[in-house]
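A single chain comes next, written as structure tokens; it is the form predicted alone.
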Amino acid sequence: MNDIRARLTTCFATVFPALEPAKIPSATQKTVAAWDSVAAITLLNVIEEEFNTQVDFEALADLDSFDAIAAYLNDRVAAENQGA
């Protein structure tokens, strides 16, 4: 598990404490009953703090699964590293 996925797993565990750790990597809005609009914003805030980045609000609708968020963060980190 790469660093981004490990850190993202921690974010998910913080926002969704009832979610079994083994199920976090396959989590989606459809499979996690607690993932409502409030949880989505909370998760976004936790991710922004953990990764010290600003998530584009327009991308929020597409960030509906662990994998989608991990891919977004991977792209974000790559872009930030290229700009550095």
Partner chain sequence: MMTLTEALRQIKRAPVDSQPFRAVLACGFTPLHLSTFLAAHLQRRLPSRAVDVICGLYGDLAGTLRKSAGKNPSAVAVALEWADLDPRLGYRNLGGWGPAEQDDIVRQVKARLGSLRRAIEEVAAAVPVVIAFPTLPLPPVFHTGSWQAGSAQARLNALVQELAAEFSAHASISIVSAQRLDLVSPAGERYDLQSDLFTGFPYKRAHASALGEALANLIAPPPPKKGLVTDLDDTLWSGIVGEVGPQGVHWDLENHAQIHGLYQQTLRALADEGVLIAIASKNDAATVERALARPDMILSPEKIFPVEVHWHAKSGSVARILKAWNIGAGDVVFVDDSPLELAEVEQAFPGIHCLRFRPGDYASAEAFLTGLRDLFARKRISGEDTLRRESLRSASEFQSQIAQNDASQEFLRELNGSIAVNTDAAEDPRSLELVNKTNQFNLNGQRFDPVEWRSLAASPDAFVWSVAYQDKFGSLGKIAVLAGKVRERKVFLESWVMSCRAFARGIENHCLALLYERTGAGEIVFCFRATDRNGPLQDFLSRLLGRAPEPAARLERREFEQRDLPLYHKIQWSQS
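Residue numbers count along the first chain shown, from 1. Owing to the predicted nature of the structure, the values given are computational and were not obtained by experimental measurement.
Keep in mind that the form predicted in complex with its partner chain is not shown, yet the notes after this line are about it.
In the predicted complex, residue 19 stays away from its partner chain, with no heavy atom inside 4.5 Å. By the criterion of a heavy atom within 4.5 Å, residue 73 is excluded from the residues contacting its partner chain in the predicted complex.
Its partner chain in the predicted complex comes within 4.5 Å of no heavy atom belonging to residue 24.
Although the partner is absent here, residue 28 lies well away from its partner chain in the predicted complex, with no heavy atom inside 4.5 Å.
Residues are counted as partner-facing when one of their heavy atoms sits within 4.5 Å of its partner chain in the predicted complex; in 32-48 these are 38, 41, 42, 45, 46, 48, in sequence order.
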